[in-house]
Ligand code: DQA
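In the block that follows, a single chain appears as structure tokens, in the form predicted on its own.
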């Protein structure tokens, strides 16, 4: 059974209420339920965290080595600012897929740069909650085929 760490970054606990025109109306708990159903179909186990604190995310990534096979991450605002999360993803050496609900490249200029993209296997952006399911599908495919992580 593949073990996958799912990380939701800052403010994602507000999904469904925060800027629904940008992020949609689906709650984080609903997204997590969809992911769990999808994971069961692929015989994968998920560990899901949400944190508004950069250090907690860095620690979770660091602890994933030896416990998880891959990481699905929406770093949220930390996408554009966190060298620490970027370095943790690089150091842990696990396949990782970065996801975003909105198309970060069609938004404000400061959101168009992902510090994570050079160190993750791939990125899915702009499909709303479907970004997560597409990302999980891609990650499970990578883990199943044992393709290189980058």
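Numbering follows the first chain given and starts at 1. Source: prediction; values computed, not measured.
Not on display, but discussed next: the form predicted together with the named molecule.
> Is there a heavy atom of residue 34 no more than 4.5 Å from a heavy atom of the named molecule in the predicted bound form?
No.
> With heavy atoms only and a cut-off of 4.5 Å, decide whether residue 18 touches the named molecule in the predicted bound form.
It does: once the named molecule is placed as it appears in the predicted bound form, residue 18 has a heavy atom within 4.5 Å of it.
> Please check if residue 63 has a heavy atom lying within 4.5 Å of any heavy atom of the named molecule in the predicted bound form.
Taking the distances in the predicted bound form, the answer for residue 63 is no, it never comes within 4.5 Å of the named molecule.
> Even though the partner isn't displayed, in the predicted bound form is residue 12 close enough to the named molecule, meaning a heavy atom within 4.5 Å?
Contact with the named molecule, yes.
> Should the three residues 77, 100 and 104 be counted as contacting the named molecule in the predicted bound form, with contact defined as a heavy atom within 4.5 Å for each?
Every listed residue reaches the named molecule in the predicted bound form, so yes.
> Want to guess which of 25-33, 107-115, 81-89, 43-51 is within 4.5 Å of the named molecule in the predicted bound form, heavy atoms only?
It is 107-115 that comes within 4.5 Å of the partner.
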